[in-house]
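In the C-alpha cells that follow, a single protein chain appears in two forms: structure 1, then structure 2.
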Structure 1
C-alpha cells in the first residue's frame, strides 16, 4: 500500500478532551504520523491512562484541563506552546453536556453547557490564534446537532450551534494570516459517552441495548456507528497539507445520516 505523506511529521499539536473517544483516537493518529502531541482532560486519572498508552507510539505530554474554566483553557494553550516549542495544530474536542429537554434542564445546566461547549472553544481559538504562524490549523469537533437536533440533547442542540458562527468568524480573521479554521460534525460514534446514552435509553424504555442501537442506526445509510478512528482521520486530513485551501467549513462525519442538502 502506498503511504501518502500528509505533512504531519514534526507538527506540534494540542488535542483537548483526549483521554477517551474521538480525542484519544485523534491524538493517536497524530502520533502515528510523527507529530508531537499534548493531550488534555479534566480527569487526571483517565488522562494518565491515556498518556501511558500513547507514549508507546510517540512524543506525548499531558496537561490537566477543565474546559469549563476559561483560565485553565488559556493555560493549556500557553503551557502547551511552551512545552512543544510552538503550536501548529489545535484540535478542539469536548465531552457532551448532560442529556435532557428544555423543561428538565436547570439554569446551571445551561450555564455549564455554555462554558463547556462554547466559551472554552472561544478561548482556545483566540489563544491559539495569537501564537500560531502561517499554515497553522484549528479544527473544532462539534456535532451533527448543528444540522439536525437530536431528541433529549437540547443543551447540545442549542449551544453547539454557536460554534458554526465561531468557525466562520475565526476562519476569516485568521485566514488573512494563513491559519485555517474548520470544523467537523460527527454523527453517532462508538464512544463511552454514546454507550452511556444507549444504556440510559435502554433502561428508561425497558429495552435491550442491542435494540436501541439498531433503532439509532436504522436511519444511517451505512447501518452502523462510526469508529472514533474514522472521525480522527477526517481531522487528520484537515490538518494535513492536502487541505491547504479548505477554510471555514463544517464537514459531516455521520455516515450520511444528516438529511439536509446544505
Structure 2
C-alpha cells in the first residue's frame, strides 16, 4: 500500500473529551502520525488511564478540563499552547447531552446543554483562533442530529445545531488568516458508550447483542456502525495537507444514514 504523507508529523494538537470514544481514537491516530497531543476530559481517573495507553505511542500530555466551565476551556487552550510550544490543530469533541424530549427536559437541562455543547465550543474556537498561525486547523466533531433529529435527543437536536453556525462564521473570520475551520457529523459509532447501551438493551430484552446492533443499523446503508478510528480518520484528513482548500464544511461520517440529499 502506498503511504501518503498527511503532513501531521510534529503538529501540536489539542483534543477535548479524549479519555474515551471518538476523542480517544482521534488522539491515538494523531499520535500514530507523529503529532504531539494534549488530551483532556473532566474525570481525572479516566483521563490518566487514557494517558497511560497513549504514552506508549508518542508524546502526549493531559489537562483535566470540564467543558461545562468556560474558564477551564480557556485555560486548556492557553496551557496547552504553552506546553506544546504552539498550536496547529484543535479537535473539539464533547460529552453526550442528557437524553429526553422537550416535555421531559428541565430548564436546567437546557442551560447545562448550552454550556456543554455550545459555550465550550465558542470559547475553544475563540481562544485557539487567537493563538493559531496560518495553516492552523480547527475541527469540531458534532453529530448527525445537525441534519436529522433523533427522537429523544432534543438537547442535541436543538442546541448542537448552533455549531453549524459557529463553524460557518469562524471559517470566514479565521479563514482570512489562513486558519481552516470545519466539522464532522458522526452517525452510529461503536464507542464504549454505545457498546454499553447495546449490552444493556440486549440484557433487558433478553436478546443477542448482534441482534440489537442489527436493529439499530437497519436504516444505515452500510448495515454496521463506524469504528471510532473511521471517524478519527476523517478528522485527521481535515487536519492534513490534503485538505488545504476545505473550509467551513460539515462532513457526515454516518455510513450514508442521513436521508437528505444535500
Ligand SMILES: NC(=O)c1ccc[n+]([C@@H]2O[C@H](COP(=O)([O-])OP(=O)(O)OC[C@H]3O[C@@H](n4cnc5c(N)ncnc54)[C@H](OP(=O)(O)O)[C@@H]3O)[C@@H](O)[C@H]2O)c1
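For clarity, a rigid core is taken as the largest C-alpha set superposing within 1.5 Å between two forms. Predicted model, so just to flag it, every value in this text is computed and none were measured. Residue numbers count along the first chain shown, from 1.
Practice task
Please state whether structure 1 or structure 2 is the form predicted on its own.
Solution key: Pick structure 1 here.
Handout entry: Displaced residue check between structures 1 and 2: residue 196, CA, 2 Å or over, core reference
Key = Result for residue 196: yes, a 2 Å-plus shift.
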